[in-house]
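Quick setup: one chain, the form predicted on its own, written in structure tokens, and binding and motion questions come after.
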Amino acid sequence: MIKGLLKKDLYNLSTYKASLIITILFCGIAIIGTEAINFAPIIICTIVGMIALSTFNYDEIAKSNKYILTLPTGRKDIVKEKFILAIGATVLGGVLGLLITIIAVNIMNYVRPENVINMNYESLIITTIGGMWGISLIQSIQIPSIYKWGAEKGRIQMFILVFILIAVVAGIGFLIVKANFNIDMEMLNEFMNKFGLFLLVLFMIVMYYVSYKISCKIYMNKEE
């Protein structure tokens, strides 16, 4: 049944083909105009990841879940499908962003050899994974919010939660500075170089898992 739910959402998302093409063109122009190549994967990953969340709007407007629940489909299957779609969109956005950036830069270097763009592949990969982590954080907060308050109110609640999270992090940083807590930056950089990517991926997995469990609990107790 999850396969059928994925087909439904992918069919609805097919209307975003034009948006994706425009995004690709925009990123290509951004690379050519500013040579800010590290931002292209982040932009593409963010837009693809957010487009996946728009399926909640379709479902809410069409009230499709009421019909789906009359079929031999459990609420956990509905939640699971949304997370599969969200994770798939995040991975796809990251891969597309990375590949499109590399292809665009190589084309530009071939077309204008007098103005070569030097591309650091390691930095580009780290930036791409960082962008994937960012959109996974937004998805992990927004999906339970949507199940709790609905698509429109859930989006507002998500922004409030993100603002609170940023405020908490900023507050912790301020307290660390005020406490004159010394951080060995050389040791920190060495640690991040060794384990940074692993930690980002691990945090993504943990965020999605916790978000999935919360979403299941909310939706199981919700009346359609």
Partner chain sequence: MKNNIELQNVSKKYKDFTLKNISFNVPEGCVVGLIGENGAGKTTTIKSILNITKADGIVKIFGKDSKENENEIKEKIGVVLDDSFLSDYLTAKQINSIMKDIYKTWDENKYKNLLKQFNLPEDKLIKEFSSGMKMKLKIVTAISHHPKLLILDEPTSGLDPVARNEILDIFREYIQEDETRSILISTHITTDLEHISDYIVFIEKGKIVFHLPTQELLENYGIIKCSQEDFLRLDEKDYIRYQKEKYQYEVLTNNKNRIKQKYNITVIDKPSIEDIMLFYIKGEK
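Positions refer to the first chain, counted from 1. What you see is a predicted model, and the numbers here were worked out from it, not measured in a lab.
Just so it is clear, the following notes concern the form predicted in complex with the partner chain, a form of the same protein that is not shown.
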Candidate stretches 142-150, 72-80, 125-133, 91-99, one within 4.5 Å of the partner chain in the predicted bound form by heavy atom: 72-80
field: Candidate from Ile51, Ala62, Leu197, Ile156 lying within 4.5 Å of the partner chain in the predicted bound form - any heavy atom
entry: Ala62
- request: With heavy atoms only and a cut-off of 4.5 Å, decide whether Ser19 touches the partner chain in the predicted bound form.
  value: no
message: Since only the chain is shown here, I'm wondering whether Phe163 would be in contact with the partner chain in the predicted bound form (any heavy atom pair within 4.5 Å).
response: no
field: Phe26, heavy atom within 4.5 angstroms of the partner chain in the predicted bound form
entry: no
message: Is it the case that Lys8, even though its partner is missing from this view, gets within 4.5 Å of the partner chain in the predicted bound form, heavy atoms only?
response: yes
